[in-house]
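The chain below stands alone and is given in structure tokens; this is the form predicted alone.
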């Protein structure tokens, strides 16, 4: 016999959209609909969900109850309702009282997207006319940057993002930073799956698209095929009677760059981009990281007003008085107006990419708003962590649980070098979820993998994922003793492939990484015609000439390569054991600092059983 149907009370449900916080309990949810907690619990019971009055509800449970009552709801993250009140405290300025045509023009803000290896980074590089990303690991931009160029006497601002994942993650947080998307498509490869995804994301954001067909200098380049593929995906070129601007370029040969910039200015003119440089500044955080010497550093894009040194600033849960502003050339400046990217020093904490920032009326209000936000976010995280820690599986075990018909949760602790990479990773991992496998992110953070990460992984049965960050030997030993799996990556697509392969039970034979030695840099020597030599003390294992090596600063990988030279006193040697001093020359890395760690390693294949 089936459960009896549940009919809610006759009290009228409030009109309009009802804003509900995710994770609300029946006690908090009921009154929103003029119902009691008992009504919510009783209804969910009739639908096979056994909950208590104080238990956090899933999105599906909340939506089910709302549908039953015929109510229209909007689910928001915890704290968003209160955010409206905080905006009043900050007294955020706007341009509503000024006619649009009376506002000054501003520089267009351009985001460049496209399939990996299609030349996005090289194109950005060529436009800036400086090879700022030489040696970057393929697949994801290591540090999101932004810069401004002058073309035809007019400024254009470029944002360098890891791709459409980060672009969409920022927009999901309300960050509307981009005016035009440049879609890079290789003339020899054509439109690829990631190209299609980028098109979809740009269209969803209702941002104009200008296509740059790159690598036209190659012998097998076929621009006409690319035009046909673009048209198939809803981007009909102007030459075919459509409205999509298409430029043929070669980032390598510097062909067509000026024409591309001309077209971007034409699009900007059509969009009629304007903003007031007067008053307190508002804008968006593009990237943020913790710098060893300078503290929290945030790269921000000013969207309205003028940001000045000394301004009290609040960005998400971070706040502070602007101690310094640094432009894209590394110069300290006194102020930055609309469409200007600038690094900000002086914040209390590392802000998140996509956080909106505003100059507060005074420092007291900035601190109060930031601390309130931080408290809400901490409470929200605590609730989320409690829900994912309830069960889990490691990467190695996940397929076995799927085969037994269980619905599994793959718990992950995700650490990355910068916020932009972190946001892109989380968004990409979410897309891998399937009905039988959920991905629970127990903790996400910027910085090296620490012992506290291992402790949390052990209690929550989570795998630790590191993107461009490394654990030191003490952390590795602790993880081994606790049975915690650490996986580190430098290319985002390899990380995603491994997670997806684990879900399919097709994880390839693993290469076990054996750390053979690590040494601490204690002194730097400058040798004419040779460069910097690191005077080191070998802490563990042994350092061998020509071995694979990574350079670690504060837990973050800043360079990979090989040991070029190894000396004891004035003699070249093949290896140096723990407890001895040596001089190490690296193949093409000169940015040495005292306290840095040089870690050598080798890879050993472990076939899966």
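Residue numbers count along the first chain shown, from 1. Note that the structure is a prediction, hence the values are computed from the model and not measured.
This protein has a second form, the form predicted together with ligand GDP, left out of what is shown; the following refers to that one.
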Check your understanding: Of these, 466-474, 312-320, 344-352, 208-216, which stretch puts a heavy atom within 4.5 angstroms of ligand GDP in the predicted complex?
Key -> 208-216
**Study point:** The single option of 487, 274, 122, 365 touching ligand GDP in the predicted complex, heavy atom within 4.5 Å
**Key:** 122
Point to revise | ligand GDP: the contacting residue among 146, 302, 251, 454 in the predicted complex [heavy atom, 4.5 Å] | key: 251
Exercise for review: Indicate whether residue 117 is a 4.5 Å heavy atom neighbour of ligand GDP in the predicted complex.
Suggested key: yes
